[in-house]
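This document starts with one chain, in the form predicted alone, laid out as structure tokens.
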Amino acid sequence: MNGAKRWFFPDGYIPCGKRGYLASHESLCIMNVNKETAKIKIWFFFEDRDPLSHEVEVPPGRSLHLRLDKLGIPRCKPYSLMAESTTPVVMQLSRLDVGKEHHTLMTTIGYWEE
């Protein structure tokens, strides 16, 4: 088995910052090294509103870098993320903050379960 079917990222936050053509954002990076398409449902949990969900597919032997600011996830609001896949995958969450003079990049592997 390569990867896991259920992933958790409790600390999500899309910064408000923008500098020139760059906008602060988060990306969920998904890698599928298996021989079947991964069908993935992603839930976004918030402190003050109902969860949102989004579905994606990642073909075998491919990766996907999903920009979360393009999915209607609000900026400057904390959220948590849970994703379930039909086949094991590897996930990583990355945040780029360009709101200050120096850009900041954070990346983390989430907690996973089979």
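Numbering starts at 1 and runs along the sequence shown. Treat the numbers as computed from the prediction; the structure is a model and nothing was measured.
The same protein has a further form, the form predicted in complex with another copy of the chain, not shown here; the description that follows concerns it.
Not displayed here, another copy of the chain is kept clear of Cys76 by more than 4.5 Å at the level of heavy atoms in the predicted complex. Among residues of the shown chain, Asp48 is one whose heavy atoms approach another copy of the chain to within 4.5 Å in the predicted complex. None of the heavy atoms of Gly17 is located within 4.5 Å of another copy of the chain in the predicted complex.
For the chain shown alone, Val56 is not a contact residue for another copy of the chain in the predicted complex, no non-hydrogen atom being within 4.5 angstroms. In the predicted complex, no residue of the candidate spot (Ala23, Ala38 and Lys41) has a heavy atom lying within 4.5 Å of another copy of the chain.
Interface residues of 82-97, taken as those with a heavy atom within 4.5 Å of another copy of the chain in the predicted complex (partner not displayed): Met82, Val90, Met91, Gln92, Ser94, Arg95, Asp97, in sequence order.
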